[in-house]
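So this first bit is one chain, no partners, the form predicted alone, shown in structure tokens.
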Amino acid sequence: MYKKYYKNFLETHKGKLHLAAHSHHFWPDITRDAVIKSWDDSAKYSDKKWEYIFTNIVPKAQSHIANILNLSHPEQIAFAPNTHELLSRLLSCFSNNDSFEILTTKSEFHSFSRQLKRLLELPNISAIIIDNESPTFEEDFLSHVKNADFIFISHVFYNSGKVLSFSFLDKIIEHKKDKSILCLDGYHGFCAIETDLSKYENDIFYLAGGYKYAQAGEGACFMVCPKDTDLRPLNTGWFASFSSLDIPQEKIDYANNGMRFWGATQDLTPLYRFNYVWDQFFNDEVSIKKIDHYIKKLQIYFIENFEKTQLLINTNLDTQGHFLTLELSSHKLCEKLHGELEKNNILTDFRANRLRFGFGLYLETEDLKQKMKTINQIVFQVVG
């Protein structure tokens, strides 16, 4: 049904079952045209390129994101090559605080976890890290919200695929301090699960990007910033005051919108790819709702035909993102299972003792049907 969009990537993966869309989603063919258009525009506009990009390419990408997330202020969206850069810039707003407490979970993305460990080497930084898989998670997390200066949590947890409920997000907002920052990592939910942020756009910072379900590849990451925020990132670059570059500044100036969180010179070809993908999908009426419904059908087929469902962390698709997670007894066993599947042209990925089966639009039930017997045999051989 949707394979028509992915002929080039599928051609180079003939005979393979790619179950790692949550890690690196195949790119639609039209992204190649986008890369060429970016090159042509660079040749056409040369040193006028930035003006053209910030007048045409960036606003279109902001508009697409605002449409997907139901936002009313697309100008509040900042871009960067990766979410870590945006997160680091946001954290830099508080570098001079005498004390700074971070509240988060054990299941946040690797760059954040690494950055947090480094920050905790500083005497003024402390952190409360809650086990999000504990039966008392919500109660435990909320008990610390009122003291936290910075709250960081995922919409869809990368190591399980479980979805955070927005009713819980409401509780966090209700209990947090007025001046504390709430940052929601939406990378595994954006363009996969219908997400309406209209209620939250002035209460949270939201991070996501194009590498996974947005299907635009690397480099198209963004942060939605609350309107009228007066934060002044210590980590800042020339894009953050792009419109006033020619005006002499005695004090460092910032744009009065999402631009204040931009950095400096970067390749914006990824935004061309993002725009081309979602121009095509919206023109063809491929909505997030339709995508989610299609992927859920693939997941249902997988669950119904997988013989070791007791190893899956969650099979309730109402609370699951677009991948299913298998939990094994050890990292070594997980690595072995991943390797054996790969030898049989079944591509997955794993983190610690968890192996993830991801589902992309370029898969059909027939693709799974051809490999389910092999998957079951390998899992039985490795796990028992």
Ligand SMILES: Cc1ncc(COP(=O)(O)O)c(C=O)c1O
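Treat the numbers as computed from the prediction; the structure is a model and nothing was measured. Heads up: residue numbers just count along the shown sequence, starting at 1.
Not on display, but discussed next: the form predicted in complex with this ligand.
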Which of 294-302, 223-231, 134-142, 82-90 sits within 4.5 Å of this ligand in the model of the complex, heavy atom basis = 82-90
Heavy atom within 4.5 Å of this ligand in the model of the complex, from candidates 256, 202, 111, 287, belongs to 111
Out of 239, 100, 187, 306, which one falls within 4.5 Å of this ligand in the model of the complex, going by heavy atoms?
-> 187
Is residue 273 close enough to this ligand in the model of the complex to count, meaning some heavy atom within 4.5 Å?
-> no
Spell out, yes or no, whether the shortest heavy atom distance between residue 281 and this ligand in the model of the complex is within 4.5 Å.
-> no
Taking heavy atoms only, is residue 211 within 4.5 angstroms of this ligand in the model of the complex?
-> yes
Quick one: does residue 158 come within 4.5 Å of this ligand in the model of the complex, counting heavy atoms only?
-> yes
Contacts with this ligand in the model of the complex - residues in 289-305 whose heavy atoms fall within 4.5 Å = none
